[in-house]
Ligand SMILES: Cc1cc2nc3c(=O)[nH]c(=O)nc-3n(C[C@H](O)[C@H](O)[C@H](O)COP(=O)(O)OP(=O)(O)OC[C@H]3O[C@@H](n4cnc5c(N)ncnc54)[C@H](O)[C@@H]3O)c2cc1C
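Here's a solo chain for you in structure tokens, the form predicted alone.
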């Protein structure tokens, strides 16, 4: 007889608040027993086993966990993550920007994604693009897109990515697939399975966006509360590389400048929205911020040589021959050679926090106290574990809980007390920067 307590299912991920909503598990369950459900307390989409009985029949095969990016991941075997000092496999590094200012300004950085999509569709290399598109409210869904103007800029809150693989299964068209590193990993894991290997022919290439973590939607709700604006929609970056957050409802649309807050209170609001310790709990374990499983990785070029660029420039990592081929076909895009050390310079915070998951092992959540194991180097000793301070832990365990209990005012007071020193320092540095630019 199978011991129910010993049977694993995708619920071990959800119970420990580790689901990143990729939806891969829903496609692999032999009993169609997994669905994506919205958790209104956590304000995020999560995978859930409908019943325990099919999990008992599964007999410990755990196919759902086999494709889960939040379970045991061997990035060395899957993607050669140990290459180039943890940067993964690299063919070339490039920098560039769209020569169409409309596309460049409409993008979070240099407009590479839009120009690549346009070029590949015009050359009939692909039929369409799988990327997220606004659905309603805070919902963005993976969709087949031919009109690049429908593609949003950066979306930092939780989305349900399940539909991406549904699209691949429905049609035998040729696709360019765009997503966050974890979403691209879920696609890669599914395509590695014999059951779905035939779908590889439908994926021309995979593009990952360099990711500095994704947030539960509760952060956006808190930001709207602090800003005294009802929220129907939110966008995080518009018209240039620096963050301008827009909240929209049926009566008004307001913009909040991340770089130039109007008051100390607004500065705190901005920081609460995107604080790196108030992210999805699953993201705190992540060691893949740079898309190990992608053919191309695109991000912001934050190198010193672009310090005067206020419009946006891309840094690109070509990981595979397919990535090189795709980049060679791009038109209307200024491109120049980049260097591996510029990846670290440009994305230093992502690179430094890439081992943040090592520190999370000491933090216990409700459930079975499971934590992911993400193997990305030959020896675990090679990874410098992130050291959490007491204030970091307070954000993770206290402020996040206050958010979820909708005690937004108290959360803001606690955050201000915890981060008063760094907030004041940031305010002074920001003032000096603004004065020097005049």
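Positions refer to the first chain, counted from 1. Predicted model, so just to flag it, every value in this text is computed and none were measured.
Note that the form predicted in complex with the named molecule isn't included here; everything after this is about it.
Listed residues 138, 151, 79, 267 were compared with the named molecule in the predicted bound form; 151 is the one with a heavy atom within 4.5 Å. Taking 212, 323, 144, 338 one by one, only a single residue has any non-hydrogen atom within 4.5 Å of the named molecule in the predicted bound form, and it is 212. Comment: 130 to 138 is the region of 192 to 200, 216 to 224, 130 to 138, 255 to 263 lying near the named molecule in the predicted bound form, near meaning a non-hydrogen atom within 4.5 Å.
Relative to the named molecule in the predicted bound form, residues 38, 235 and 406 are all farther than 4.5 Å at every heavy atom.
Contact annotation: residue 111 falls within 4.5 Å of the named molecule in the predicted bound form, judged by heavy atom distances.
When the named molecule is considered in the predicted bound form, residue 159 lines it closely, a heavy atom lying within 4.5 Å. Contact annotation: residue 93 falls outside 4.5 Å of the named molecule in the predicted bound form, judged by heavy atom distances. For the chain shown alone, residue 168 is not a contact residue for the named molecule in the predicted bound form, no non-hydrogen atom being within 4.5 angstroms. Residues of 273 to 300 lying near the named molecule in the predicted bound form, listed in sequence order, are 298, 299, 300, the criterion being any heavy atom within 4.5 Å.
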